[in-house]
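Single chain ahead, by itself, as structure tokens, in the form predicted on its own.
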Amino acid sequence: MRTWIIGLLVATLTAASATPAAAQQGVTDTEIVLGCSNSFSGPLAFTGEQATRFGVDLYFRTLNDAGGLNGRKVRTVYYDDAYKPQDAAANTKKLVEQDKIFAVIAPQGTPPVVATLDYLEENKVPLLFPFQGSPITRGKKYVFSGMTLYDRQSRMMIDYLVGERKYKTFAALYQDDEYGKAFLTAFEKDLARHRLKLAAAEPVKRGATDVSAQIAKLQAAKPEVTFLVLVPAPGAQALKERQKIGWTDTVMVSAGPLTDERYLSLAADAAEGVEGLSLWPDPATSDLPGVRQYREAMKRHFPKNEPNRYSLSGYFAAMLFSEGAKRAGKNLTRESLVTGLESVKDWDSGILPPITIGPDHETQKQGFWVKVEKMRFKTLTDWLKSE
């Protein structure tokens, strides 16, 4: 009996020692599950759908067809928040706690993204490459930015317009929330470096479309440059109102999501001459190898969908995740992914200039100047730097 009991104990201990450590949520031997809350209705419905279903999923579809990541296929789960912060927070919690995702990838919009930050950090869930630029995301362990942050964009814009173009008077029409205020704060700081101030700044409530009163007040301030820090629909309305009243003696400068041709189609000929800082090469005409591959994949999988900067940004986000996951190796965990992404040095995507991810977890720190000519953004400068 004693021998039998000893044998049973040995067998039990051996089996226990052979049991693997708890598996990482969202990762199995055959699958990686990612997801996000995004705008599939509301003012950013087009951009949300393009960034995810025609961008992120486009890259992963190609990747999965080629065998996936270390033998794992990538699956995505999305929920609509209609650009509402409270819905984004609820959706994100559902993704983590019910859908058991591994990480959040490519959510959109400063207010919705900011609403999820604390929850994701507390639960150590990576927030990967959000399509927003609030500096509040900088330096967080589990957050990797998805675009050049607004304060860097502002620095490049102001230094170019004041330094090279010699403009002295500026105004801003901005969305009255975290998105617009982040830009406004940065503009004020960067103008102060040149001993200048904003001549006027007019807020627009999120969801508003009538901006005629604000445009009239800005015209009265007589700025040489007027920044548009809005989402596409009210941005287009601002340009139409400006055209309607014949306000021609200011340079309209687009910020944030307003440097894509889809936005121009909303404003039609009222967009002619608008300038701005673009973060992405022209998706329809660029000869960069990564952009060509993106167009080829789009033609193969979604032939009726026109290439655009929003889907290109999502495609790049999926590409960068895949690079980090490859570096993490077969044992993919949230910690090993963070380490893998932090090891990215001078990585050439074929889409953007070589990327190095430092302790601030910023993936981009540049942009280039564009101007609207015949419904396309024409490139006016090489890549500008914010440092």
Partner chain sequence: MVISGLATGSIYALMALALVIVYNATRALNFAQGEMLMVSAFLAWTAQRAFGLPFWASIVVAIGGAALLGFIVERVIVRRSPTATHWDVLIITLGLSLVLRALAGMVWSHDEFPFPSLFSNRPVVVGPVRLAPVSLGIIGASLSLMLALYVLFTRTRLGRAMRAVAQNPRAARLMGVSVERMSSISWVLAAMVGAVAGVLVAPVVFLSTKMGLIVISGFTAAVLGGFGSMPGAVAGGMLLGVIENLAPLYLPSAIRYAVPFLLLIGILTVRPAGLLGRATTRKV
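Positions refer to the first chain, counted from 1. None of the values given here were measured: they were computed from a predicted structure.
One more form of this protein should be noted, the form predicted in complex with its partner chain, which is absent from this view; the next part is about it.
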Legend entry - Of 299, 124, 194, 244, the one that lies within 4.5 Å of its partner chain in the predicted complex (heavy atoms): 244
Inset, instruction - Name the residue from 233, 221, 198, 184 that puts a heavy atom within 4.5 Å of its partner chain in the predicted complex. - result: 233
Legend entry - in the predicted complex, segment of 280-288, 260-268, 147-155, 127-135 with a heavy atom within 4.5 Å of its partner chain: 260-268
Legend entry - residue 42, heavy atom within 4.5 angstroms of its partner chain in the predicted complex: yes
Inset, instruction - Examine residue 141 and determine whether its closest non-hydrogen atom to its partner chain in the predicted complex is within 4.5 angstroms. - result: no
Inset, instruction - Using a 4.5 Å heavy atom cut-off, state whether residue 189 contacts its partner chain in the predicted complex. - result: no
Inset, instruction - May I ask you to state whether residue 168 is within 4.5 Å of its partner chain in the predicted complex, using heavy atom distances? - result: no
